[in-house]
Structure formats: C-alpha cells, structure tokens
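Presented as structure tokens, the chain that follows is alone, the form predicted alone.
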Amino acid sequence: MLKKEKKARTIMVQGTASHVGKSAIAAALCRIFARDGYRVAPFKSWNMALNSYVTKDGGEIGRGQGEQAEAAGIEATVDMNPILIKPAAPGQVQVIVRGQVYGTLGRTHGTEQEYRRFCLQVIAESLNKLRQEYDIIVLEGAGSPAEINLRAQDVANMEAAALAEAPVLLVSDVNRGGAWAAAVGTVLLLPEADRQRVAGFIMNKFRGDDSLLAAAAAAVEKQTGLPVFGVVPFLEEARLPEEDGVALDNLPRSRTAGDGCLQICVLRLPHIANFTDFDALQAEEDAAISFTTEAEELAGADAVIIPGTKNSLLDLEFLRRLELDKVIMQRARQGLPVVGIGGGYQMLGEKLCAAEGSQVEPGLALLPVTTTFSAQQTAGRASAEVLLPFAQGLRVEGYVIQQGETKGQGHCQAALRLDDGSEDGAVSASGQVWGTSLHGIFDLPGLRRAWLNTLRERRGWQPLGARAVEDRAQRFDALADAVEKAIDLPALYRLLGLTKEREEHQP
C-alpha cells in the first residue's frame, strides 16, 4: 500500500456554466484514479439538486456524489456533500446538512453572513475528515465561479478550492457553442487570487475531429497562459443521472407511437424531484417518455406517472389550476394506467393533511390512502417483494425520502411488502392505478418490463423479454476510458504531485 500522507491530494472540477458536464468529468477522474490504485473520494461542498442519493446509513446527498463514489468503488457518505439545498416552495429552500434536514433557509439560519459562516465551518470539517481517509479528493463545483452577483454567497467553487488547496480544471461545453469565449471570459472575470487557482481547461461534449480545435486551443492558451488539458467527446451512452431540472429541457423525444412505442407521460411538476426514477424506462426500446403538462398528451397516453415532488400540496394545486386533475381522474376511470411515486403517490390518495393540521386538501381519490405530513423527514434504502397483481413475487430495491406518513384506509391492497415486514404503497381494485413511496422502483428490469408488458397487452402487442441488468461497472469504465484517452493525464498527475503508476510499498 501507499504510505498514508497527512492529507489527501486534491483536484477540483469547475465549470463555465451549469450543465457543462462537471459531474461526469469528476466521476471519470474518480474512476481513473481508483483504477490506478489510489483511494479516491468525491466531494461537493454545496449542492442545489432536485435528485437525491440516499447513503447506506440513511443520509441524503446529491445524486452526483453518490454516482461518483460508486465510480470510485466506495460507499458514499454524507461528508461527500455536506450541504444540500432543495427548493421546497416559492422563496424557500430546504437545507440538508450532512444528510439530515437542518431547516429552511431564511427562517432557521438568520442572516446570509451567519449562514455562510455556518456552511464554511461544516464544509471544512467534512473536507478535512475525507482528506484524512483518502489519497485523492476529486472536488466538484456548482454552476460557474464567475457569477459576479453570487460571488459573496458562493461557497461551492473557489472558497472550496481554497479550503482544499486544490488546482482547478475549468470545464466548458463545446456542444452549446461559445465554449472558448466562456472559458476565457470566466478566467478574466475571476479575482486575481481565484484566477491563480485555475490550472487549465477541459473542453467537453465535442462532436467531431478534435484536431479542428487545435488553433482555437492555441489561441486560448496564448490569451490566458493556461493549457487545454484535452477535448472530451460527446458521450451520450455514458451519461450520468441528472441532478437539476434544467436537464428536462434537453431531453430528446426520439421515439413516437409510429415507431411502435408506448407513450408514457410524466407530469412535469413545478417542484418535481427524483425524476431519475424514469431513466430506466427512457432506455427501453418500446417506451417514449415525455415530461409534460399538456392535456392533449395525457389524453393520448398509454400511461401517466405522477412523480416525486418536494411539495405535494403546492403541486396538487398546480394540477388543479390547469384542470389536469380532472383529466387524470376521468382517464383513470376509463381505464388509463396511472402510477404515483413519492409525492405523486400522496396525490393519488383521498386526503393530504398539513403537518400542523390546519390544512386538509382532497387528493385525486384514485387510491384509498391518506397522507399526514410532519416536520421530520425520514430517508433510507429499502428492498421489497412486489404485491402488484401483474408482477407478484418479484423483487425491487430503492430508497424512500418522505416527510410524514401515507396510510391505507379500509381494505387497501398494498403494492409492496418491505423486508422489515411492513407494507408500502397501494393498488386500486382494477390494478391499473398504483403508487409507492419507493423511489427507483423501475430500476430493476423485472417489474419495469412486467408493467410495460401490461401496457403492450392493452394495445394488443406481444410482450417483450426483460433486458439484462445494466453493468454499472462497465459504464463507469467506458466513461473513464473515453476521458483518459482525451486528456493529458500525466499532466493532471503532475498537478497532484503523484505518478500514474502507483508505487506499492508497506506504510
């Protein structure tokens, strides 16, 4: 083994904007360094994300850091994303500290200065803990470090780089256009102390022959005095699950009913959360997934899914304003399959009761359940046996993040029997409407294919067989292979003060 140093070496991936591929580059570096024999951990000091990852001990962190930990071959911990922010209502965000709900920003934390000091203290403690346990820490920033209006509050980019003593790789998205200007402009807008932390650029998501960019790279290096470490190709097949709602604007819908595909509508709720629940469905060859609030699309759908949400009551009100509640209830009575997950399951019930008991809202009344909210959030991983009539006896795995409890009324038929003996979810008498608190229920192919085949049967189509479970290790290796081929890896190791071939000796 490599002799353990006092503190891990660090490197940070920042971006010229949101959605430029920082998470994927960071995951690739985690995989590359881990394959070279180093003990690697990801770290994102502060994260605003709609999609969560639940750690083994029931903590909630950003989805990206969970995936990056898996790429590094380790279990994710709450210290890898110590501050997580989740939009909960207009003007309000839920603050999660080391995996647990801490409060609501603006109401719990006092002034912005006090909140900033609090965040930096938490960030420094978690970072120092990881640096004692690992050889390399791969940090990821948020958005851009050059957002001038946010600089005073930004604890996710250069403040984190300073705490970690980390050189910064600045990632720019070539696929969007304007990547070189974004790279140069970002550096020029940084204060001198922050500018000194930038080690160079990675141009990401390029389609074509990267030799065409040689002149531009040379010009940028001359303008900034900083090297371009590489040009990474567009890697659609290696795409990681998304964290932010902006991704929904960029999802292609390449398959239609004319292609022999099932049309599945997922409601695009204002506070949608954990929409990675539907990545596996999107990958099926006979399913076209659209995130929509168009009544016309719902009318022609093979199935409707109400997804997770950070605010079930506000999003139910949203459906009513658009009169989509009436569309869903009418189509469900006509036999349309409707599924609710997380907050969507709560909306399918008869009543939703606010935590303080002052507000009771009627649900869509498609399932005989009632939800009572509480201030306390529970999160955890779970495995279960399926009780749904079309997939009885199959196994599923996933995670639960909920505030409050949803209980069946009368002779309610549960959807799942959890391994601890408790039951979860509900299914209608027809079997066409069902819901569950378990996120990730479609990730394993058994239930996913069984449900899709019930939709195919309704169309008079032949059933299809389940696809093999995705080899996630191969996916991470494919991502790492592509990035390693595209960048100057020896130069990155020199930044770390390490060598690619790790010297093995006793501590």
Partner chain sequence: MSAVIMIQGTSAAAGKTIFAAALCRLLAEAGWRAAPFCAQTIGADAVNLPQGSLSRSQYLQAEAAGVTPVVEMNPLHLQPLTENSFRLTERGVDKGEISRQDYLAAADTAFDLVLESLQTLLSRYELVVIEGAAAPVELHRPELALPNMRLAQAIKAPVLLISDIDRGGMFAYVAGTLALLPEAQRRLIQAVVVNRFRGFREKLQPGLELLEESINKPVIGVIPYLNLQPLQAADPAQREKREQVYRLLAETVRQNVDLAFIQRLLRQAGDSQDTPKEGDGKSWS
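Positions refer to the first chain, counted from 1. All figures in this text were calculated on a predicted structure; none of them were measured in a lab.
Keep in mind the form predicted together with its partner chain is missing from the figure; the text below concerns it.
Asks: Please tell me whether the candidate spot formed by Ser18, Val174 and Asp209 is one where all three residues come within 4.5 Å of its partner chain in the predicted bound form (heavy atoms).
Replies: Per the other structure, all of Ser18, Val174 and Asp209 touch its partner chain.
Asks: Does its partner chain get within 4.5 angstroms of any non-hydrogen atom of Gln223 in the predicted bound form?
Replies: Answer yes; at least one heavy atom of Gln223 falls within 4.5 Å of its partner chain in the predicted bound form.
Asks: Taking any heavy atom pair closer than or equal to 4.5 Å as contact, tell me whether Tyr102 reaches its partner chain in the predicted bound form.
Replies: Flag for Tyr102 set to no.
Asks: With a 4.5 Å heavy atom cut-off, would you call Trp180 a contact of its partner chain in the predicted bound form?
Replies: It does: once its partner chain is placed as it appears in the predicted bound form, Trp180 has a heavy atom within 4.5 Å of it.
Asks: So in the predicted bound form, does Ala152 come within 4.5 Å of its partner chain, heavy atom to heavy atom?
Replies: Contact with its partner chain, no.
Asks: Please pick out the stretch from 279-287, 209-217, 127-135, 308-316 that is in contact with its partner chain in the predicted bound form, where contact means heavy atoms within 4.5 Å.
Replies: Of the options, only 209-217 has residues within 4.5 Å of the partner.
Asks: Only one of Val95, Val184, Leu235, Leu120 gets a heavy atom within 4.5 Å of its partner chain in the predicted bound form. Which one?
Replies: Spelling it out, the residue with a heavy atom inside the cut-off is Val184.
Asks: Looking at Glu397, Glu294, Glu165, Asp419, which is the one with a non-hydrogen atom within 4.5 Å of its partner chain in the predicted bound form?
Replies: That would be Glu294.
Asks: Could you pull out the residues of 133-155 that have any heavy atom within 4.5 Å of its partner chain in the predicted bound form?
Replies: Ser144, Ala146, Glu147, Ile148, Asn149 sit within 4.5 Å of the partner.
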